[in-house]
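Before any questions on how it binds or moves, here is one chain, the form predicted on its own, in structure tokens.
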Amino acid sequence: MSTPSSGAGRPQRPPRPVIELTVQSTEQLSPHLVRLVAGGPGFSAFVDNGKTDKYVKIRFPEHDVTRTYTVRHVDGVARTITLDFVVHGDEGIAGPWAANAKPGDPITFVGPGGAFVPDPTADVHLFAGDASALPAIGAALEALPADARGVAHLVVEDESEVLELAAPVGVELRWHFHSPAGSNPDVLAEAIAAAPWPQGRVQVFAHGERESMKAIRAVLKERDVAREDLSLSGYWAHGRTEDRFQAEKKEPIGQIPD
């Protein structure tokens, strides 16, 4: 066992298991969203952490890379895991793979990670995101109590990208349209700023394009949202490859103000 050179005394996170499954089915949810259901004996190694934003890191050994994707649904009875992929033609690695996947294809990943689950004691729930955040937002909406109140601001390219998401009666789904995806980082922030701010404690989940998240963060600071009631993260950046986006996380441009 190796000894860490720094951070002595800190508990070491155990390594997450490597899960090996096969594709069971695929479905084209919208022009740019593909759903894969994966299962197999390897499901036994998957430990559901109960988070609605749980994610896995999929391995693509032929490219020597991993890509992070949110788990849309876990079916413990069928022993399957559902993943949704944003696909824009031949761009990237994971999207084209998902678009061409067929039953029987192997899929290997590590996980799950994740940190968010809706707090049923919050007075109001606010969600904001683009197509990349639809799996996490969809899972969170389904986890809300039946009497939950709130709104979800969702931006996609056009009406063909709208999905049927299950949500409590008191949670409004507001779809916004802008194309190409991510080219206007102010769409979601402006929608949030234009709406009356609700009374009470507001829990916020905002994930998606990085510059869009920066704009949302500025609005939320004006609304004095408590940091403990905020889950905000950039999943990608407009005009950047995944590798460049990851590299920029260590640079000032890649930081979202706290």
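No experiment lies behind these values; they were computed from the predicted model shown. In case it trips you up, residue 1 is the first one in the sequence shown, and so on.
Below, we refer to the form predicted together with a small molecule, which is not included among the displayed structures.
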Open item on the list: Please tell me which of 140, 156, 94, 148 lies within 4.5 Å of the small molecule in the predicted bound form, judged by heavy atoms.
Closed with: 94
Task: the small molecule in the predicted bound form: contacting segment from 80-88, 103-111, 116-124, 165-173, heavy atom within 4.5 Å - done: 80-88
- [ ] Would you please decide whether residue 248 lies within 4.5 angstroms of the small molecule in the predicted bound form, comparing each non-hydrogen atom pair?
- [x] no
Open item on the list: Residue-level contact is defined here as any heavy atom of the residue lying within 4.5 Å of the small molecule in the predicted bound form; does residue 181 satisfy this criterion?
Closed with: yes
TODO: Indicate whether the small molecule has at least one heavy atom within 4.5 Å of a heavy atom of residue 129 in the predicted bound form.
DONE: no
TODO: Classify residue 23 as contacting or not contacting the small molecule in the predicted bound form by the rule of any non-hydrogen atom within 4.5 angstroms, answering yes or no.
DONE: no
